[in-house]
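In the form predicted on its own, a lone chain appears below as structure tokens.
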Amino acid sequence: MNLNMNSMESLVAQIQGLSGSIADVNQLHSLLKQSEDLFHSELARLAPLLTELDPSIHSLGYLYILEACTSAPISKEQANELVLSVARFINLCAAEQIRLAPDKFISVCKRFKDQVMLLEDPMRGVAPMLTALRKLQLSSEHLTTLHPDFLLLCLLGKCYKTGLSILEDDIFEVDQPRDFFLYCYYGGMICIGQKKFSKALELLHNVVTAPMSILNSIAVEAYKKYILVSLIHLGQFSISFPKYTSSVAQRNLKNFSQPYLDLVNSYGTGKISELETCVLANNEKFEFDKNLGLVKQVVSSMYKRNIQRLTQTYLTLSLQDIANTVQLHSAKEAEMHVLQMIQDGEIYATINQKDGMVRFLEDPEQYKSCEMIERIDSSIQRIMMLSRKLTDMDELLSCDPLYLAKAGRERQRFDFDDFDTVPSKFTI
């Protein structure tokens, strides 16, 4: 026991003495890796040692001890203290030190996420988790395994705007495929919550078309939401997949989404009655999938699509005629829909309150304002940046030994120059 006590005290002294230069920290890292068994054999005595260390200076040593402390099962009563301790460490730790032991840092952060969920207070974990993933990231283009956990906390805590802050980053590096699937799925849900349907479609599309060797439940749920958001935002949905979609997804996704494809067919008729019949027939399924709210938005969007079609045919129309044509219950309800669409910029019109007439107008945007020119220029610059990035990635891939070896093996298997162009039995 005395040996262990001396070993622990000696280790703390080493942490305090070797947390300065890069060379010292690397030496300390080797020492800590050799001492992991000691940490786990002395769990009961580790917590007091943290008071002797400064998380901003002794980040690596603090991380190893904290990871060992959090590995033991804790009660709900102890969870609050643990959450405070981990949040403080995340805010104060030095990024360059914790990146030396990313697995340890990720483990601590994931346990932190589990504890705030155990306490049923996900909002409490949002800010620390955002700080954690930023410190773990080597660049904003890097998708860490903490990204999905952060977005999940944002969803559960309804902190949608905070979640949007990381969804603007262009991602080019992914550690694990599952992280990418969850990042895009949770990100899509956050964008749906903020009515940013265009971005939601982009993220859900990434899940559906991502490479996969076997079908996963994330892709299935993303496909269902992808269908609904397409109907809400675009007023249509194509059941054919892009060519780059995996064969697994193309063969199987539709089999798990039949009620949603039935909804697409009903929506395509433009008849509210048929759409409502379909919703009623599949109501339990939509509710079980927790998509009933989106389905209701699909129904509401059909009224909008039908009103938009009227703008292509008529210059003026009474509110009562609009209500009759799109199957709304009253002129007042038609007025509410038209006003909302004008406010959202979906149509351009004026309403004469005296005679209840709606006058449809042309889009006033001339596409020559300074703001519009800046938006167009920004889009061009972004496309040019993406083009350069793709060229760089293509060059790196073409020089990758693993890729070249695999490509060589595949070519040997499918080199058609080795075969006769006409089978011998059909030779004329």
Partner chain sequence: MASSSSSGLTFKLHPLVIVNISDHYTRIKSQSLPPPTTPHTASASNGAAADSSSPPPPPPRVFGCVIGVQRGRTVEIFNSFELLYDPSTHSLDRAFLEKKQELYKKVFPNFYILGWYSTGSDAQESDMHIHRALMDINESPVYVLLNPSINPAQKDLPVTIYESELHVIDGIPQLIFVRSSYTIETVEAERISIDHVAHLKPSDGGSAATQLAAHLTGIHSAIKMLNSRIRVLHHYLLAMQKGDIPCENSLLRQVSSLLRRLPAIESEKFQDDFLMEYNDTLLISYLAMFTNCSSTMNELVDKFNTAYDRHSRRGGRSAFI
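All of these numbers come straight from a predicted model, not from anything done at the bench. Numbering follows the first chain given and starts at 1.
A second form of this protein, the form predicted in complex with its partner chain, is not displayed here; the remarks below concern that form.
Put simply, of 47, 397, 38, 361 only one has a heavy atom within 4.5 Å of its partner chain in the predicted bound form, and it is 397. Shown alone, this chain has one stretch from 53-61, 66-74, 370-378, 28-36 that lies within 4.5 Å of its partner chain in the predicted bound form by heavy atoms: 370-378. The closest heavy atom approach of residue 407 to its partner chain in the predicted bound form falls within 4.5 Å. The shortest heavy atom separation between residue 43 and its partner chain in the predicted bound form exceeds 4.5 Å. Residues 386, 387, 390, 391, 393, 394, 397, 398, 400, 402 are the members of 386-402 with a non-hydrogen atom no more than 4.5 angstroms from its partner chain in the predicted bound form.
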